[in-house]
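As structure tokens, one chain now follows by itself in the form predicted alone.
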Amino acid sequence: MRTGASTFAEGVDLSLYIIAGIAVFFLVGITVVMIYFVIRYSRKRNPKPTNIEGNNTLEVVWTVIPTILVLVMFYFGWMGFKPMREVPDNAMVIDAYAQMWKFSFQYPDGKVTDSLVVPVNRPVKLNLHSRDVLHSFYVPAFRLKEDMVPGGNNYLWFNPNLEGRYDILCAEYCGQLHSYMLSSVTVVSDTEYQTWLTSAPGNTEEHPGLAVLKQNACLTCHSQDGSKIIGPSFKGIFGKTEIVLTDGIEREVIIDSAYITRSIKNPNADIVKGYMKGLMVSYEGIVTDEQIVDIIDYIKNLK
């Protein structure tokens, strides 16, 4: 019976069972010995305490046996971990991006999605990138977890062997909405994968500016209905006068195209009063000038 959905599951589970079994053995063993000593050497049975001399044989035994057990745990842990870093030459390569608070995936043909779709029984390598803070890519069903470090290069690979939909979680606390940073990986047949890969985006009538906002997780921090989240709401903000802090000095600005462009490229230059500095990273080089125009057009019409 399969307990996981990737070829790594068996090795990882075996390591866990061995380590857990050793831990339970010692828990029970030490507890039994402790209870025996409490009874055997109680004041009632030994009204006059006596010294117990050292026992060289016993000391050797309780040194050698734990050392052997630690080496056993290391062996099975290493045998489970080593294949995770050896990527097959025929692996399909996908770029995985993390940002507060969303995962996104870019396929070799340029297709970008917010959930992962892969074919069954085909090795997949994910190049892991973070656009802001430390995240951790975690798929429990695959027994996989790797950190996504800003400015760093990391990767993981897996070979899914069971079709279905599996959760992707962020396993590193990354801010206020960390628990909302969820995605999924769907494993399908090769035929279904090819059909999905060549299909058009689901909502072709969606405003391009809204599509860019969704793709870059902007709506995680900025609402569309006027409610306050991490950052100011987009609703009715265009043309509005706001008090901002620039280098610690308060000043009034009009939210226009120039201000929005500056806020996307240098978000910490002007902080709207009442909001925290440093939560948003620069999107210069991530969002193109054409996409910024689309974003401005969408916000301008969000009344």
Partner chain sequence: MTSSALNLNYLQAKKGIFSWIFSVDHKRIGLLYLYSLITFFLVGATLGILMRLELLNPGKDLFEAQTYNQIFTMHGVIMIFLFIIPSIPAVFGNFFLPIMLGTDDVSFPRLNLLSWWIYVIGAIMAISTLMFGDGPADTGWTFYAPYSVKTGTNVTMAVLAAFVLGFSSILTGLNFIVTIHRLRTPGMTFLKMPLFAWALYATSWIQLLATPIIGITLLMIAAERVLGVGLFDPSIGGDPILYQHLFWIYSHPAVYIMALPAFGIISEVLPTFSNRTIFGYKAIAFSSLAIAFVGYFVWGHHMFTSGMSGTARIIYSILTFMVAIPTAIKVFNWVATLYKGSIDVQPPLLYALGFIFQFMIGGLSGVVLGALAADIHLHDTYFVVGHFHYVMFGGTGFAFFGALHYWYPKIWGRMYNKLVANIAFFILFIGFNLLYFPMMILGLMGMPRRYYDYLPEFHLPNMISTFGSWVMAIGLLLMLGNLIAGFRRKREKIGRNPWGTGITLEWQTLSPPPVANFDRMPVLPKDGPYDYDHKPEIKE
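These numbers were taken from a predicted model, which means no experiment stands behind them. Positions refer to the first chain, counted from 1.
Separately, the form predicted in complex with the partner chain exists; it is not shown, and the next lines address it.
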Given a 4.5 Å cut-off on heavy atoms, tell me which of 109-117, 75-83, 191-199, 213-221 is the interface stretch with the partner chain in the predicted bound form.
75-83
In the predicted bound form, do P160, E250 and I296 all reach within 4.5 Å of the partner chain through at least one heavy atom apiece?
no
Only one of P208, P232, P123, P150 has a non-hydrogen atom within 4.5 angstroms of the partner chain in the predicted bound form; which is it?
P150
Is V287 near the partner chain? Define near as a heavy atom within 4.5 Å, in the predicted bound form.
no
Evaluate G278 for contact with the partner chain in the predicted bound form, applying a 4.5 angstroms cut-off between non-hydrogen atoms, and reply yes or no.
yes
Would you check, heavy atoms only and a 4.5 Å threshold, whether R43 touches the partner chain in the predicted bound form?
yes
Quick one: is P49 in contact with the partner chain in the predicted bound form, heavy atoms, 4.5 Å cut-off?
yes
Pick out the residues of 118-145 whose heavy atoms come within 4.5 Å of the partner chain in the predicted bound form.
D132, V133, L134, Y138, P140, R143, L144, K145
